[in-house]
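What follows is one chain in structure tokens, specifically the form predicted on its own.
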Amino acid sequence: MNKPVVIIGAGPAGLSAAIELKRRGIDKVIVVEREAESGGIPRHSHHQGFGIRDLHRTLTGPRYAERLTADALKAGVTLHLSATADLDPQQLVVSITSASGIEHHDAAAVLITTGARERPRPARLVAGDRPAGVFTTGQLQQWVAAGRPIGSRALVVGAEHVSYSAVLSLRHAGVKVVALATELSRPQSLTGVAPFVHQVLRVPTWVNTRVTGINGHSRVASVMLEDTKSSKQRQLDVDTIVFSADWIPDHELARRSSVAIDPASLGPASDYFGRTNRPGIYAAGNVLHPVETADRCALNARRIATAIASDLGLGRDSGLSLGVEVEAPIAWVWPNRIIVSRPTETLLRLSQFSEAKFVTASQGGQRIGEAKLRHGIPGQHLKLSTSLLRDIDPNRGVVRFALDA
């Protein structure tokens, strides 16, 4: 095979996929990254905990990013940094633009691993002034890594796993974290994380709490908080506010490339092996369904890279696949293209806490399977077995997922 496999995005998913493709015998693998450094978000996260599932060790974010980059280069992957990629909407032609000029590649396959981003303050419709001192977690971590001044007293908005990562980044920068605030009735992170942060780091999590306004001219001076149950408001004096979580896939490239977008996850609609509606175009990592940890994204990308290598070697077609729909409070399910001949495990995420006991799958109003719901926590994915789809019917069309008490 003389044509390259082009990967767009050099975070944990993109680098891990590149390494796996080389291991599977793909001769030419090109990775394109718009940033000046590879490694993605982990390179700005100085706390431990990266690499547990994929590398079977715990590393700091920068060390994890360095390790994946080094392994990719050692494997012979071509890495383009400070470069952008455009994909022809009809052909597998990738145009790479950098300071060196523009080059075009007729690709054997393209893998989109552009990740996800947090919605900033304007997208969350928080009223008030527009002062300095307002961050997302990603921006905060970049500033901390660069040694730029952050502030002295901070409020973190959100109580997902990444919200607690923001607490660690603020502490690393010498900023006092007053609290985390979430509109939900309890934290969404892993069991034990919130109590640890509260008891050991002395940072409480305020539930049922909404940020309604930001005050300040040149710098944040205070924020307005509202109790979602009583509607009572109060003012909190802080000079820094970090909006965490509330993710959206970086799907602009996929949209421009005529890749179908799942209306629930807002990521590229794909099957279990990352195949999209466009033959030869795959997706992996957090662009599919935000947001998972770096090591989970790496493992997902490895599996999809294995599928790419197999598809290229065998000329395999994905076969008949069916779309999916979800009912609230299900936020999304993945895969959102189900291979009829080979149903696989299903990942599911909720938009709110739920006491439902079962997840059901149906076609044309007829139930085809159900699975027990172990817990209903937004911000954490649930893994459901293949038995949920054991009676799928290729003639009944879309599969609909719902909760059942």
Partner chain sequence: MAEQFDVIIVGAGVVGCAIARELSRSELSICVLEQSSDVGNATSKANTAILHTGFDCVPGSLESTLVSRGYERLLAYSEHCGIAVEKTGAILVAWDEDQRAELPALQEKAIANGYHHTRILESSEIYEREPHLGPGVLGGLEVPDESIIDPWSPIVAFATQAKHAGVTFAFNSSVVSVTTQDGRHLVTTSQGKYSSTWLINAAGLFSDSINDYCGHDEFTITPRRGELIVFDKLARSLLSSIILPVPTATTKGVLVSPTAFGNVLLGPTADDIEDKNATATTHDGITRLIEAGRRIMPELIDEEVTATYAGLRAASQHRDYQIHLHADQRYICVGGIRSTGLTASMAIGDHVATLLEEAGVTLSANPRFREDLTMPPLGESQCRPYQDPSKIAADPAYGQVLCHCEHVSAGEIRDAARAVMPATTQEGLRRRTRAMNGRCQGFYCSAQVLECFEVSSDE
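Numbering follows the first chain given and starts at 1. This one's a predicted model, so the numbers in the text were calculated from it and none came from an experiment.
We do not show the form predicted together with its partner chain, though everything after this point is about it.
Note on the interface: of 166-174, 273-281, 123-131, 331-339, the segment with non-hydrogen atoms within 4.5 angstroms of its partner chain in the model of the complex is 123-131. Residue contact check for residue 242: none of its heavy atoms lie within 4.5 Å of its partner chain in the model of the complex. For residue 217, a non-hydrogen atom is located within 4.5 Å of its partner chain in the model of the complex, even though that partner is not displayed. In the model of the complex, its partner chain stays beyond 4.5 Å of every heavy atom belonging to residue 370. Among residues of the shown chain, residue 151 is not one whose heavy atoms approach its partner chain to within 4.5 Å in the model of the complex.
For the options 200, 99, 314, 320, the one in contact with its partner chain in the model of the complex, meaning a heavy atom within 4.5 Å, is 99. 142 is the sole member of 208, 142, 306, 258 with a non-hydrogen atom lying within 4.5 angstroms of its partner chain in the model of the complex. Contacts to its partner chain in the model of the complex (heavy atom within 4.5 Å) from stretch 104-118: 114, 116, 117, 118.
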